[in-house]
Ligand code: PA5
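The chain below stands alone and is given as structure tokens, in the form predicted on its own.
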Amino acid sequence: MITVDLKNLYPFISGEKLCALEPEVRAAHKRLEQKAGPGAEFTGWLDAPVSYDREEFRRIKAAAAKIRMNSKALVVIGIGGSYLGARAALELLRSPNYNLKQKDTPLIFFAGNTLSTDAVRELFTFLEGEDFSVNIISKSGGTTEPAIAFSLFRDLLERKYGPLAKERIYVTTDREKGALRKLAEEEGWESFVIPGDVGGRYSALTAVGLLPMAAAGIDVDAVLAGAGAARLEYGRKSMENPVWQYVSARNALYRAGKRMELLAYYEPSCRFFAEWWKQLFGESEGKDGRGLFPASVEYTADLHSMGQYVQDGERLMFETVLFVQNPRGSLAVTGKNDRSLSYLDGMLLSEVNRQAMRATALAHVDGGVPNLLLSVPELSDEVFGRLVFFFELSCGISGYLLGVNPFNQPGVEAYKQNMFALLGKPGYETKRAELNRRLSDSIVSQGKNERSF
């Protein structure tokens, strides 16, 4: 279903070098499956596509049906892995213009991933006069951005619906602990579980992603079936396994000096899938001074902006091209109104897109940029499940190959601690004084430097 084409890798990395990584990949895959590596307590996603809670899954679909029945809009509140998987699915499987299309499913808005006043106020205006529900997603309930957003939207719900607001709040959080779990139990809100052994960026195929997907009319049974099929298929211990091919190629390139992986895609609907992919690999591998920097480009649009750098800039990157073989419909080019297009008259636009991809790959290879081609036959609910599991498994194996714990994120806490202190959170008084002193010193220094000019 997902194929990996490495022919544009071989001008840079020989087949022998790639095959030499097989013992390491085998060992890393084995450690992951046997839960014998660092972070093993967060590898529940490996079995989630087949061992998920069937009763909760039934409740997810029932809640989604209720939202579709009584709400014109659903506000999904979360940040990072708490919203990227759902948004990736919504745009990839439905449309980047989902909210503009005529449909019998609710509008889906995403909040709690920014501290922008303008963004939140604008969303308030979209909800004026509309029946809506809220799905707050947070393992602890203490992350600042979603906590603030939930406070604001809960207030809006309660002013609109009074005591009946509780029927429109859906909580996805830890099974037993955390501020949000406690609040859900006190208020009687319907709740779903973020498994304790699944980290946020690996949670797209849990209630975190499944409830918003189901509310949007996505076939979540097919999504999980696709992931389950991928789990079986990519469990093979062989270099014929597409996961092993991808893992080996990207790690061989890293060891050869490449420092950036560009996920390139030719369908605009893949934009938020790329955002999900960036978090998955960035947060999993970027630690201990190691890891490829994950970035993304949308072709052909970015060929007219970033294309110059990719073709001619520093040779620090390689491209992983995610290409969809068959679009959902067909459209032929007409050259009758423009003589310069006469040679394309009658050609399918999908074929023009395919040739643009092939031409770009050859140009970039000639410019010193290796290319890996990952192809899927179509964008379907099942294929989405397969893609998610493909990249999650690739990331887990690749992290172990790199020598890091791919399931923690110690660096994320640094900004949070500083923000808590600067905002005056109780218990951070000493740190707040220290940070304010540093900020004051930097302002004084800046003033001195400006005067020196």
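In this text, residue numbers run from 1 along the sequence as written. Predicted model, so just to flag it, every value in this text is computed and none were measured.
Separately, the form predicted together with this ligand exists; it is not shown, and the next lines address it.
Checked against this ligand in the model of the complex, the residues H364, R201, R87, R168 give one hit for a heavy atom within 4.5 Å, which is R201. None of P242, G80, G291, G178 but one reaches within 4.5 angstroms of this ligand in the model of the complex through a heavy atom, and that residue is G80. In short, of 157-165, 328-336, 138-146, 305-313 it is 138-146 that has heavy atoms within 4.5 Å of this ligand in the model of the complex. Contact check for S296: no non-hydrogen atom falls within 4.5 Å of this ligand in the model of the complex.
By the criterion of a heavy atom within 4.5 Å, T105 is excluded from the residues contacting this ligand in the model of the complex. Under a 4.5 angstroms non-hydrogen atom cutoff, this ligand in the model of the complex lacks S394 among its neighbouring residues. Not displayed here, this ligand is approached by Q409 to within 4.5 Å at the level of heavy atoms in the model of the complex. In sequence order, Q279, E283 are the residues of 257-291 having a heavy atom within 4.5 Å of this ligand in the model of the complex; the partner itself is omitted from this view.
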